[in-house]
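Single chain ahead, by itself, as C-alpha cells, in the form predicted on its own.
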Amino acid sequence: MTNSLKSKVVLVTGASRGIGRACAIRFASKGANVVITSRNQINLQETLSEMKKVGNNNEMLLIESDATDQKKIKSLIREVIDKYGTIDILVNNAGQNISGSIEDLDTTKLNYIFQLNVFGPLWFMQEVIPIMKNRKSGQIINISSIAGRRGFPFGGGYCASKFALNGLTETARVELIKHNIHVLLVMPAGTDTHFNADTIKCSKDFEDRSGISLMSPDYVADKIIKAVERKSRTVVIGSKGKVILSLNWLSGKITDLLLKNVFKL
C-alpha cells in the first residue's frame, strides 16, 4: 500500500498520553508532519520525544492548549496554519470519563465533560472544515467509544457525551461528502489508558468495577491508522465491543439483562 500519510499535516488533540500519544507516534512513523496538543506540556514533551525516535526528518510541533476553551482552539489553529499553511487530518481524541448513577450525576461536572467531549471536538471541526473545504480535501477522525452506541450502568454521563459526539460525527460525514472531506468515527472498547484514574466520580460504583481486561493504546492506534488510510466511515475496535454492539442491535432486552448481571444490579 502506498504511504498516503507522508508529509500530511496531522493535528492530534489529547496527545499527552494514551490513544492520542500512540496515534501521534504512529503518524510520525508514517512520515506525517504531526502537531500534538493537550493541557499537559510535560507529558506532551514525552510524546514528542517518542515521535522523534520513529520520525524520518518530518516536522513535529507541540502546542499546549485546552480543548474546552474555544479561544485557545482558534489560536492553536492559527499557529498551525501560520507554520504549515493547512491541516490535512484532524484527530479529535481529547476526552474524559465521568461516572455515577443517574440519580447521583452532578450536572456541573457533567457540563465540563460536555465541554471537553462534545463542544471541544465541535469547535475543532468548525475551525478545520473551512480550511479543508478550500482545499477540497481532508480527513476528520473523532475518537468516540462503544459507549456512544450503547449505554452502560453508572456511565450515563459519559455515554450521553459520546452519543452526542457520534451524532455530530455522522452528520458531518454526510454534510462534507461533496467537499471530499472524509469523516471517520472510531469506537474503541476498554483501553489501557488513564481513563479510570482520571474519571470524575459522582458515586463509588465505577471504581468497584474497573478491573477488566483492556486493549493497549498501541493496538488501538494501529487500527485507527489503518482505518484512516482506507478512509473508512466507522471502526469498532475490540472483540468485546463488537460483541456488545452486535448483541444490542439484535436484542436490546438481552443486552440489558447481560449488563444487569455484569454490574450486579
Ligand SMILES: NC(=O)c1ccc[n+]([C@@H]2O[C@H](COP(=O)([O-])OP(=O)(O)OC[C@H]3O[C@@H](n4cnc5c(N)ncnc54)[C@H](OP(=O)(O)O)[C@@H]3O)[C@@H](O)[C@H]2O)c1
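Just count from 1 along the sequence shown to find any residue number. What you see is a predicted model; the values in this text were computed from it and never measured.
The same protein has a further form, the form predicted together with the ligand, not shown here; the description that follows concerns it.
Looking at residue 195, you'd find a heavy atom of it within 4.5 angstroms of the ligand in the model of the complex. The ligand in the model of the complex comes within 4.5 Å of no heavy atom belonging to residue 201.
Within 4.5 Å of any heavy atom of the ligand in the model of the complex lies no heavy atom of residue 33. For the chain shown alone, residue 50 is not a contact residue for the ligand in the model of the complex, no non-hydrogen atom being within 4.5 angstroms. Only one segment in the set 78-86, 130-138, 171-179, 155-163 has any non-hydrogen atom within 4.5 angstroms of the ligand in the model of the complex, and it is 155-163. Comment: the ligand is not present in this chain, but in the model of the complex one of 28, 221, 228, 67 has a heavy atom within 4.5 Å of it, namely 67. Taking the ligand as it sits in the model of the complex, the stretch 123-162 comes within 4.5 angstroms of it through a non-hydrogen atom at 143, 144, 145, 158, 162.
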